[in-house]
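Take a look at this one chain, the form predicted alone, written out in structure tokens.
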Amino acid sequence: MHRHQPRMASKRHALGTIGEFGLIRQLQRQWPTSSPRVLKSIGDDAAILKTVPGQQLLLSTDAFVEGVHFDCTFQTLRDVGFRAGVANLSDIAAMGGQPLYLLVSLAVPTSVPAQHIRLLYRGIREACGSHRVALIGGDTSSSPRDIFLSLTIVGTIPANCALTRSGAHVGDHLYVTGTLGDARAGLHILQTRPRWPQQSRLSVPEQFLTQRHLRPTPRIGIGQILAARGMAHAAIDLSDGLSGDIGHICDNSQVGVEIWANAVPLSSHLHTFARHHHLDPVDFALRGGDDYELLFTARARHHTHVMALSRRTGVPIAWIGEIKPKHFGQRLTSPQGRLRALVQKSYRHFVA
């Protein structure tokens, strides 16, 4: 039986009955566009937007494939939509920008009820709504088996203020927001359950960790402040894991890095989970993707300002290492004080 079969409703509610344009009309009613910058949105061949003098556009896109990026056996489509929205918002956050518009392309089996697709869009809107992101277009298509979702986000930033991966300087401090490894542990919990777990059956640490995976938080405000005040040299959002994403900064900036394992911020719930399962919590932080925290570098003399920013916003920011010359390489200092090569443990597509 097709894996989407359990989600089927009566034929009159299936996508094969209402059709592509019926679905689009439903989505238009669900997510109306009211931004004064949008002159034309859904319904034409392309959206028409007003540009703003002195601003630069930021564009990013992410694809989400069932069986690769999400699994409907333990995630609802509403959760899938929320995480997809956060992934795109986080890309704009890493550049220090303001997210404005979203385009959503979707391929889905015709057997899936339209109400479930509305739940998918509801999740996307829940992630984007508080940031006043307008849905301005996209595409819909049938799929022979699995769900394929692609989001493109458009944002703006004052000219020449964007944070990039290539700006790190030797001597910079390396910082990260929030706590790391929670989302990876949450995914582990969800994957090892025989079926979708009821939250009441989970312990308090398990509830926290699964929610960190299903409902991450994009650090848009922090990114905007870092960019606007020139406090950061380089930044990236942690979507693939600390050990992989720091490599992108090092490669693009032509620098090395030393990370202190003892300084990597870990939640008490991750410690509890790791202790119970005889696992290393730092390993979860190094390999864990989908935390969507911000990893950034800043001048050493800005340290007090970075810590003040953390106190003012209520977002934890930890100093976890230093940028080194390129020949130093990418290294991790263990809790015992031993310096070793930082092994790439993050998920990589196309690699066995």
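Source: prediction; values computed, not measured. Residue numbers here begin at 1 and follow the sequence given.
We do not show the form predicted together with another copy of the chain, though everything after this point is about it.
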Candidate stretches 181 to 189, 120 to 128, 71 to 79, 87 to 95 - the one whose heavy atoms come within 4.5 Å of another copy of the chain in the model of the complex: 87 to 95
Residue (of V282, I220, A107, A274) lying close to another copy of the chain in the model of the complex, criterion heavy atoms within 4.5 Å: A107
Contacting member of K326, K40, R299, H305, with respect to another copy of the chain in the model of the complex [4.5 Å, heavy atom]: K40
Partner proximity in the model of the complex: F208 to another copy of the chain, non-hydrogen atom cutoff 4.5 Å: no
Another copy of the chain contact in the model of the complex: A162, any heavy atom under 4.5 Å: yes
Proximity of R145 to another copy of the chain in the model of the complex, heavy atoms at 4.5 Å: yes
Contact label in the model of the complex: S150 to another copy of the chain, heavy atom within 4.5 Å: yes
Members of 226 to 244 lying within 4.5 angstroms of another copy of the chain, judged by heavy atom, in the model of the complex: A235, I236, D237
